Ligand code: AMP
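Given next, in structure tokens, is a single chain: the form predicted alone.
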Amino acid sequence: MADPEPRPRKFAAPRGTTDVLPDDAPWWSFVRSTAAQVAGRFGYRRIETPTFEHAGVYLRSVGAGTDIVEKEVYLFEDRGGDTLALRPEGTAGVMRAYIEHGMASLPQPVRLYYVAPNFRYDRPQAGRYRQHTQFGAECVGDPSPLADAEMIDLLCTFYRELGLRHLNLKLNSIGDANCRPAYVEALRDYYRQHLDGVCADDRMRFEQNPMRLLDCKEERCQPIVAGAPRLRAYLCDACREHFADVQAYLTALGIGFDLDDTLVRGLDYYTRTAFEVQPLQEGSQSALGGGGRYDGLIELLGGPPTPGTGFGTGMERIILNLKRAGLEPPPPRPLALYVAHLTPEAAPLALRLAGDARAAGLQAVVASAGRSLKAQLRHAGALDARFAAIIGASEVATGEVTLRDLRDHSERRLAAAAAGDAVASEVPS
């Protein structure tokens, strides 16, 4: 007896990714539309960049010693021999586009926003996936602290309009190229005496990127982080004045904040202002979003010295927090019309009737062929349709339909051409 053929393999989504199923789609639509509306009110225009870039766009901008470069970036070589990277974060690609398309000639600052998937080979957690979607905004060409405050205001307005409350804004200044080197040297001097007690990642950061020592989340490293010198004590006058103005503007906007000396963010391109928004009941590992100023990034990517500030916030984590808070997205529009047809001759009229309803802005579904009327109406009920239009042999002969209200089961016969208007009068489009 011949061996049976092996059953085809059943595939699952790769680890660290998730499917957005129809039941979750209203959440995504709600968050995406709110992002677009809020960004538009602040004067931001949408930009879309490729899902992958030349690897140097990220490897040069994000920085050596960061987790993204060391552990998380998806690198691959294409058939032409170019080394490419899937987008791990949004800002660097947008700055590449700013340079490439001559946006410096536009009225400054240039305000841009995007909603796009990012890819990081990271340990999956609740609301944090290897493929995740970010809403981000960038204000390019304005060096002022007012631009930083506006960016934070945009992000806080977005959360507020989603209904999220009980959030904590963390704020810090990480200085610039003038004052940061002295702080880095002081940080090295402090950590040199504690290297035996820190994690392996921190020993690497000590050599490659000392500022990232403050961002370590390992429990055994926290007492050492707590005793580290404070960067604000090393700020030059210009950075200190900039930071004071950011705080004053936020206070004028009625936005509360906590100063956090250990907040450095995870990317090398940040300068001066850094901020992060966290749920009160959780810690920094569950941050909803954050960002800061990156005045040297465009220059690092080959453009002229250009200031910029921006943020990114993860959609998956936002939706997780909306659900935890018991918030619901606006209900989806109901199915207005289900068209049941009982004979092959009725199918063309059913299709035309559904088309008329859709042209009027209504949702309409045509039943599958070959089912009994009872089965079709049961299907209409399962889809929570408001009306069913029934077309049989007699309706085809007269050019009429039987319109049934599936709430009270009342019926009326009317011309097929009038059915769409009758449904529209009772179901808003």
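In this text, residue numbers run from 1 along the sequence as written. Keep in mind the model is a prediction, meaning the values are calculated, not measured.
Although it is not shown, the form predicted in complex with the named molecule is what the next lines describe.
request  = Within 4.5 Å of the named molecule in the predicted bound form, counting heavy atoms only, one of 251-259, 196-204, 116-124, 353-361 shows up; tell me which.
outcome  = In the other structure, the partner sits against 116-124.
ask   = Among Arg111, His242, Arg180, Arg317, which has at least one heavy atom within 4.5 Å of the named molecule in the predicted bound form?
value = Exactly one listed residue reaches within 4.5 Å, namely Arg317.
ask   = Which pick from Gly312, Pro329, Pro210, Gly296 sits with a heavy atom within 4.5 Å of the named molecule in the predicted bound form?
value = By the 4.5 Å criterion, the partner-contacting residue is Gly312.
query = Closest heavy atom of Arg128 to the named molecule in the predicted bound form, within 4.5 Å or not?
reply = Arg128: yes, in contact with the named molecule in the predicted bound form.
ask   = Contact between Gly136 and the named molecule in the predicted bound form at 4.5 Å, heavy atoms?
value = So Gly136 does not count as contacting the named molecule.
task = Answer yes if any heavy atom of Gly290 is within 4.5 Å of a heavy atom of the named molecule in the predicted bound form; otherwise answer no.
result = Output for Gly290 is yes: heavy atoms within 4.5 Å of the named molecule.
request  = Verify the contact flag for Arg87: yes if a non-hydrogen atom of it lies within 4.5 Å of a non-hydrogen atom of the named molecule in the predicted bound form, no if not.
outcome  = Heavy-atom contact with the named molecule at 4.5 Å: absent for Arg87.
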